[in-house]
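Next up: just one chain, as structure tokens, the form predicted alone.
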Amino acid sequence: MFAENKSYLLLRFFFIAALFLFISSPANSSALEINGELSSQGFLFIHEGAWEDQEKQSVSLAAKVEMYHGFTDNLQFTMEAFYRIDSLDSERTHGDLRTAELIYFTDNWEISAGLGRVFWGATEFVHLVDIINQTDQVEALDGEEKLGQPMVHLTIPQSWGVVEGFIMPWFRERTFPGVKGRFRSPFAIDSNLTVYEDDEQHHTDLALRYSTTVADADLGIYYFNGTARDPVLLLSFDNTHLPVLYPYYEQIGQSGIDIQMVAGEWLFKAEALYRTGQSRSYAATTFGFECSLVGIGNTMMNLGLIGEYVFDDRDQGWLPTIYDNDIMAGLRLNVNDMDDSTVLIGIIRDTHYGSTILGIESSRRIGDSLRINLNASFFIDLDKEDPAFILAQDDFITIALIWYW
């Protein structure tokens, strides 16, 4: 369900005001665009669950609606609402207003207010510098899905680059699998026990970013000050005296940089960050390349060769991360057929523990309004000391059928 905390009172007011403007707008009805998608998804897990009450199969239904309306040439409203019903995990039955924002723009600047989503990053496997939006962890294991973030976002484009400022008055808590969900920790995570370093969820977070293009390279630099999106999980006990984990969100300062450079058929990528707070400072970086082979075997198909490395100097006993010293490789095949068929195969190898993760993502359109996605992940020889070991029993295959309208 949509969150029922105080942070959404003003959001509801904003949303109602936006709808009132929409209804009363004299703009031509052709300025209104509505589209969406309905999807069904099934999970098949190869092994029995590591914890009690976990099943080997689950199904879910999801709906997404997007709306765009231009009030004037300079003012527009966008919205994306999402909801999923899951047969197994009550925490995965959830919804979110991913975007709901008013945008006003001129030739010299643009400002938006409401719920928005912003992506920063360059590399394929791990997005270290992406920090504005909270991760919707029950929606996707890879962290690619994000929750809408309440914000005011100012963008000033100039000939020498783009400056962006963010004011984020409310914090979104991360979602976690429930007791019956897969991909969960040994102890259930009780978000009702969430604690903040400053005892306040409504801390105002700030961010400033500068991006530009230099020769063949795209460069972005930013600074963020506010509540960490990734919590520390601490041990406690519930009302029945069973052990549970609870999220503790600390205040941090984070500087980051991302860069992409094109050199012929090669694309070089890198991200790096330096974070203060969370008991001690640390740094992390990921970098690599993608090489595009066009028309392989005298066909229309293109093949991308991907290689990356990630290093994180955090103490694993303090704030563990799966991606601490890993080599990553991948193949991306674009068939370039009428059905927009694609396949991505990726492998992640931990150089310290020897653990391996193999992932496959494939997609193909069926007709004009249907798409089928077939994905799988396999967790191979996970070391018991590796933070990824909680996934050792969660090898899965998932299939999704999506209808667009």
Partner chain sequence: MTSYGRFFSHILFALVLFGQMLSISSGYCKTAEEKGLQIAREADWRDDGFGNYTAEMTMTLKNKQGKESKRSIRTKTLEVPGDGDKSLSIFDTPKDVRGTAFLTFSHKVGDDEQWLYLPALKRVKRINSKNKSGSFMGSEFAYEDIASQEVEKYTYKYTGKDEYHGQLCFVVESYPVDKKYSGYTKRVSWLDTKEYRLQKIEFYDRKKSLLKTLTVGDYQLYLEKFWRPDTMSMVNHQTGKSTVLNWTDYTFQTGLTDKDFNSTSLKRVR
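Numbering follows the first chain given and starts at 1. These numbers were taken from a predicted model, which means no experiment stands behind them.
Keep in mind that the form predicted together with its partner chain is not shown, yet the notes after this line are about it.
The shortest heavy atom separation between R117 and its partner chain in the predicted complex is within 4.5 Å. At the 4.5 Å threshold, heavy atoms of Y68 reach its partner chain in the predicted complex. The closest heavy atom approach of P186 to its partner chain in the predicted complex falls outside 4.5 Å.
For the chain shown alone, D53 is not a contact residue for its partner chain in the predicted complex, no non-hydrogen atom being within 4.5 angstroms.
Between 192-200, 229-237, 246-254, 77-85, the stretch whose residues reach within 4.5 angstroms of its partner chain in the predicted complex through a non-hydrogen atom is 77-85.
This chain appears without its partner; in the predicted complex, the one residue of V162, L102, A272, L305 with a heavy atom within 4.5 Å of its partner chain is V162. Only one of the listed residues (I221, V152, I327, M300) places a non-hydrogen atom within 4.5 angstroms of its partner chain in the predicted complex, and that residue is M300.
Residues from 195-225 that approach its partner chain in the predicted complex with a non-hydrogen atom closer than or equal to 4.5 Å are T213, A215, D216, A217, D218, in the order they occur in the chain.
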